[in-house]
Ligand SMILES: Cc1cc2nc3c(=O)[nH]c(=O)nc-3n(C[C@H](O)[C@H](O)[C@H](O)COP(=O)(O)OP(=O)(O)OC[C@H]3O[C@@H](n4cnc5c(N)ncnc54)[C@H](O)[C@@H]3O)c2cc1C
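Quick heads-up: it's one chain on its own, the form predicted on its own, in C-alpha cells.
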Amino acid sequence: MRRSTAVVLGGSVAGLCAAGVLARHFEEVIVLERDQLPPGAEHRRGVPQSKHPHFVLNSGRRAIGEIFPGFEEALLAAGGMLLMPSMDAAYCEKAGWAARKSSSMTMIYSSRVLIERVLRDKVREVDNIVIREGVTVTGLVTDGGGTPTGRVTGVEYRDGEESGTLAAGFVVDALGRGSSVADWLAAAGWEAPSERTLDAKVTYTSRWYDLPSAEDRPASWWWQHLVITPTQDTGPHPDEHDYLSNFFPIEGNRVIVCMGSWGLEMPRKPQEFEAAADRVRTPVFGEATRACTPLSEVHLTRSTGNKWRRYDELAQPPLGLVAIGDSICAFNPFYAQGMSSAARSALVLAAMLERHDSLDAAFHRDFLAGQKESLDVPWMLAMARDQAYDFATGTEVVAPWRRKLAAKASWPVFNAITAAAAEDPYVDELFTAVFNLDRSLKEMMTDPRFLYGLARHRVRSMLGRTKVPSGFDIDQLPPATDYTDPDQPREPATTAAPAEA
C-alpha cells in the first residue's frame, strides 16, 4: 500500500538511506536539510566529521546496496578503492609489524564526502524523493502527546525568513547527535527516553595530504594504508606512543593522516601535528607524512561519546516517528560504526514497512525491537573498549575491577585474535564478521571453535610452530613478503613476539 507523504529530517547518510526505503512505500518523500548541499564531494557545515577517515563496513555496504542498487559500483567508479587490509595495509601492533597475508576482509577506502556525493546521486535518481535544502526544522506537529494513540503528524520549519508547517504521515529523525526531537516530544507530553552514555574522552585530529605520484613514491611503499596501534608498554613513554594512528588513503591520490587518543591533548596546529607524527612509535609514520604535500589545516574533534536514546523502553512511544543514525545511537567515531549502523536500521525500517499495513503501535513496537537488536551489536563492541578508562564518564561506567580487566585485556586479546586469524581461516572469517557487524562480539567470544583456534595458536606459538611470523622491528620498514604464497622467501621477524594470553 502506498501512503501519502513521509518527511525525513536531515540529509546525511542516515537520512538518505531512510529516504530510499520510504520511497518504496510513500507517494512522496521530502528530505529537509539545513545545509545547501554541494554538487560534488565537498565538506559542509552539517557534517564536520567528514574531515576525518570513514569506513563503510561490509554490512553497511550491503545494506546501502539493497536500498540503492549499484551504490558500491558507483563509489568505486567515482574513485573509491576496494582493498584487502591484511595485504594492502602495514599494521603495527604490540610487538611490531604484522606479516602480510590474504584474508577474508575487504574494505572500500574513500572520503566521507565522496560517500555522501554518491548517495545523493543515487537519491536524485528516485523520482518521488525531494530534497529541500536550506531548511531548518524547528519543531513537530503532534496530536495526543503521551497517550496510547499520540502521534506526530507533521513538522515545523524555517526556510530563509519564512516559517511553515508540513503535514506528514510519517517522520524520520536523522538530525544526528544534536537532534532536538526528544526535547520537542517531551514538551508535547511524551516521556523523555532514557539515555545510555559513555564518554571515554577520545580526541582525534586529522590533516589531508596529496600523496607523491606513483613515479615519485618510495619503492618501499608496497602498502597503501598505515595503522599504528597504541603501545602496551606500561613504563614511561611519549604520549604519542598511546595514539591510534592512521595514514588513510582516499580517492584522488590523497591521504588523511589521523591520530587519536583516549584522554590526551592532541595537536591543533600544522607544526605541532607533524612533530607529533614524528613521535608516533614507528618512524615510518612521520616519514610517510612528511613525504606528502599538505592540503588542509588540522581538524580536531572531541564529540566522540557513545549515546543511545532508548525509545524502545518507552511505555508509549510516539506514533508516526522513528529515529535513525546518530539521532538514536551515536558511537565513538573511532570504531567506524555509525554509517553502517544507520544503514542497517534503515533495512529494519524496510522490513517493518513490508510486514505491517498500518503505522500503528504494533508497527512501532516491532521496529523498535528490531532496531535494538541491530544496535546491540555495535554498542557492545564500543563498550568493550571505551569502558577500560578510569576517566570515562556516563551511565555505562563499570566497576574498577572491570575497568582494569578491560584495560589489561582489550589490546592483547585483539592481538591474539589477529595473530590466530593469520593461520586459521575459521578465526579469520568469524573475526571479519564481527568487525563488519554481521555477528556479535558475544557470539564470537562464546564460539567453541573460535576459542579453540585462539588456544591452539597460543600453544603453537609457544612451541615455535607458527607459520606466519610477527613482531617485525617497528624501527625498520614494514615487511613486504606475502605469507599467503609458500614459495616466497621468508623474512625472519627481527623482534621476538611474545605469545598472547
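Here the structure is a predicted model, which is why all the values come from computation and not from measurement. Don't overthink the numbering: it's just position in the shown sequence, from 1.
The same protein also exists as the form predicted together with this ligand; that form is not shown, yet it is the one meant from here on.
K.L.:
Could you tell me which one of P333, G260, G320, P317 places a heavy atom within 4.5 Å of this ligand in the model of the complex?
P.N.:
Checking each option against this ligand in the model of the complex, the one that comes within 4.5 Å is P333.
K.L.:
Check each of R44, R456, R62, R439 and return the one that places a heavy atom within 4.5 angstroms of this ligand in the model of the complex.
P.N.:
The option sitting close enough to the partner is R44.
K.L.:
Check R112, G325 and M339: does every one of them have a heavy atom within 4.5 Å of this ligand in the model of the complex?
P.N.:
Yes.
K.L.:
Please name which of the stretches 66-74, 440-448, 468-476, 26-34 has residues with heavy atoms lying within 4.5 Å of this ligand in the model of the complex.
P.N.:
Single hit among the candidates: 26-34.
K.L.:
Can you tell me if N58 lies within 4.5 angstroms of this ligand in the model of the complex, counting non-hydrogen atoms only?
P.N.:
Residue-level check for N58: no, no contact with this ligand.
K.L.:
Would T136 show up as a contact with this ligand in the model of the complex if we use heavy atoms at 4.5 Å?
P.N.:
Residue-level check for T136: yes, a contact with this ligand.
K.L.:
Taking heavy atoms only, is V348 within 4.5 angstroms of this ligand in the model of the complex?
P.N.:
Looking in the model of the complex, residue contacts with this ligand do not include V348, since no heavy atom lies within 4.5 Å.
K.L.:
Is there any non-hydrogen atom of A18 lying within 4.5 Å of this ligand in the model of the complex?
P.N.:
No - in the model of the complex, heavy atoms of A18 and this ligand never come within 4.5 Å of each other.
K.L.:
So which bits of 47-63 sit within 4.5 Å of this ligand in the model of the complex, heavy atoms only?
P.N.:
The stretch 47-63, when checked against this ligand in the model of the complex, contributes V47, Q49, H52, P53, H54, F55 at the 4.5 Å heavy-atom cut-off.
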